[in-house]
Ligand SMILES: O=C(O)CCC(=O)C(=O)O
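The chain below stands alone and is given in structure tokens; this is the form predicted alone.
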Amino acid sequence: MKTSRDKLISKTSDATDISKPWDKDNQAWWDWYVGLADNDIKKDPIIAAEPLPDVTIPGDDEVLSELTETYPLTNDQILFFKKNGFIKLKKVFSPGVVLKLRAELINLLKKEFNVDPDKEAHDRFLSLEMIWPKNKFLRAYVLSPRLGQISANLLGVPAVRLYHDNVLAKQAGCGRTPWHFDDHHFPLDTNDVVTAWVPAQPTPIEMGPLSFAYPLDVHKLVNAVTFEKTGTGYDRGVSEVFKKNSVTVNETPFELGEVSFHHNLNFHTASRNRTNRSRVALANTYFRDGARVISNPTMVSGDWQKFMPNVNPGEVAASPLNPICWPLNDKKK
């Protein structure tokens, strides 16, 4: 069992006892989780986002063709990821393929929440998960061999499975995402886990792009910071430790088509969205084929059985909803 998770559940006070499973839905989990972020009382004014680029939107066949193409990684890029726990790759997707994805994600969010994320600011973090099984178009992006190949190559493993998809919209005015690493969220007995974060628009600093602390082993600096299920103490504690130790943070804009990949031990955050456009992203998490569910998932793992139905603690994480995304010839497993 991984020591970081053991330490997470070792404290048993009312404020820190997270041993019980999550008993609400996915959106309630996100409402709870973003509430753990330490936000400035004084808020900067909302500014107008630049217009979305005027590009040709490809047809479905063109999109599918692009999603199946491999992406050449250099040895230096792989080594950078292994050392730092994240990497940002440009031109993973063409502008038209990204904006076509954005239009679909906006439609999905409208139907689910009965709001237009780009026109109605509610300072909320909206989330949809497990969309791909019932949406053929989104399925192509989530099970994309391109993303699967990059993920497997960065992890250095022969095959990766999908843990889940995640449609994320940080609406105008929504505050920070707290400092965290995903090891707490994924109840898997492996650290060969990576999340591909695909922003569905150009994402300037004012929109709150993901920010990554590095190198990878800085997570060891905050092992002693106790996770709390209420309040902002954990977020503040991590931030203070990072400042004290002069930890380097990558906070840079995302170009259209740029995608980040972060390891489950990489600490990351995101600042407030200070624009009038929702920061929409598709986040897909992939893990090493053969991994098992840990013996004691916690509330921080959310509704994990939704992502791996009929898989019990201790069993191999290989439900029909966890297909192999790379290599292609193993998809039938």
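In case it trips you up, residue 1 is the first one in the sequence shown, and so on. Note that the coordinates shown come from a computational prediction; the quantities given were computed from them, not determined experimentally.
The form predicted together with the named molecule is left out here; the points below concern that form.
In terms of contact with the named molecule in the model of the complex, the residue from Phe93, Tyr234, Trp197, Phe254 that brings a heavy atom within 4.5 Å is Trp197.
Checked against the named molecule in the model of the complex, the residues His180, Arg146, Lys88, Arg124 give one hit for a heavy atom within 4.5 Å, which is His180. A residue is said to contact a partner when one of its heavy atoms sits within 4.5 Å of a partner heavy atom; Ala283 meets this definition for the named molecule in the model of the complex. In the model of the complex, the named molecule lies within 4.5 Å of some heavy atom of His268. Among heavy atoms of Leu99, none comes within 4.5 Å of the named molecule in the model of the complex.
Shown alone here, Leu105 lies farther than 4.5 Å from the named molecule in the model of the complex, counting heavy atoms only. Exactly one of the stretches 303-311, 40-48, 260-268, 54-62 approaches the named molecule in the model of the complex with heavy atoms within 4.5 Å, and it is 260-268.
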